[in-house]
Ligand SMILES: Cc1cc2nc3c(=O)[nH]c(=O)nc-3n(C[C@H](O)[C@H](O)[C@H](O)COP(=O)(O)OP(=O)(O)OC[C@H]3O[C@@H](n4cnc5c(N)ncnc54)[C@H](O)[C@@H]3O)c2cc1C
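Only one chain is given next, in structure tokens, and it is the form predicted alone.
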């Protein structure tokens, strides 16, 4: 669609818009509305896009109406759940945003051990709702993350080694397709579509609800251990062997970070660059302490906040440090092995952390996640041991180039020590088509054929796009 500056340019017949408005039960936000800037904002403050309309859908009927309206009027369309996407792909310039953020119903079925979760839910909605049952769905690490985008990209988080990716607990989805039809996809009904949405992103339609098998996770032993950078080499070299050989009840992601200058952390360590392991062990306190003791024996942590706590408390631990609206630039790799040379490059880049909020995380994607074959679902990197993410982060837009350049250089230094693709939820909107294809490897051709079947005109293209074939 040609870029436009007003809705009347696209829809000179005001009756079309009036009819659309009359059929939407939720709210429609225009550019002239007082809260337009607030509503259009997404988690990543580096993204500044201005749609023509934002439709806050109240139910599936609204989603169907919005899809039909956008398709019939050739409006470039973005779909937003939690708005947490790295590249800001839940928003678009001069088009329509289908916003699911008010669709937050959660239904727990104890008899079948399932949870039906609508697409507007954040992890901060899901975890507290399931916790009273002693249950959860394996998801991410920040409660501000949306369940929809996380799941459609695969879903990496604190319980990956124990229960697999988020998609490994997914039983069924309800969707609205590009032609406005409502469908259910599961192992027996529209099974090709079900295969595709488990890792293929938002390419195939709008998932309005997810049916998950629930998992046990009421209390965990978890939290961060942090060491000054002088210990980073031996910690990382020990960690790389420890975690891939550990029992699946043991999860810990490795990080480089700067200690935030907030009362939570001892003042003498404020703004020090450190390495860390963030733990989540699905075992009791005594067993958890014993399991991570080798790291304390290796080098005494400068900060040790590990303890026995409710799982939702672990999920929300770092939310206050990363509020909505900060500048983020993401780069990512899948990693199978961490060589000595790679360790040296990690250390070199960690010493250059550009701002107090910038960081590098290596999330384990082994354990239970390795029990699924690479072609069982769209997510293809079942042989990777880590999903690495490098993020330059800062509240000040003036530091955009600083954090971007650091992230890109760090990524470039590790490129030859990584696998060819990346976790699509960690990718910005400037990666290029080859990078997207590399992130699906041998599954890409099948995904393109399924895209051709369900969305032949590529209506859903504001994403890490899979072109119809």
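Positions refer to the first chain, counted from 1. Bear in mind the structure is a predicted one, so any value in this text is a computation, not a measurement.
What comes next is about the form predicted together with the named molecule, which is not displayed.
- Shown alone here, residue 84 lies within 4.5 Å of the named molecule in the predicted complex, counting heavy atoms only.
- With a 4.5 Å cutoff on heavy atoms, residue 222 does not count as touching the named molecule in the predicted complex; it lies far away.
- At the 4.5 Å threshold, heavy atoms of residue 145 reach the named molecule in the predicted complex.
- Heavy atoms of residue 130 never reach within 4.5 Å of the named molecule in the predicted complex, leaving it off the interface.
- In summary, the region of this chain contacting the named molecule in the predicted complex, judged by heavy atoms within 4.5 Å and restricted to 335-343, 290-298, 155-163, 274-282, corresponds to 155-163.
- Think of it this way: in the predicted complex, the named molecule has a heavy atom of just one of 117, 137, 206, 362 within 4.5 Å, and the residue is 206.
- This chain appears without its partner; in the predicted complex, the one residue of 236, 303, 257, 141 with a heavy atom within 4.5 Å of the named molecule is 141.
- If you check the named molecule in the predicted complex, you find no heavy atom from any of 73, 178 and 454 within 4.5 Å.
- Contacts of stretch 60-80 with the named molecule in the predicted complex, defined by any heavy atom lying within 4.5 Å, are made by 79, 80, listed in sequence order.
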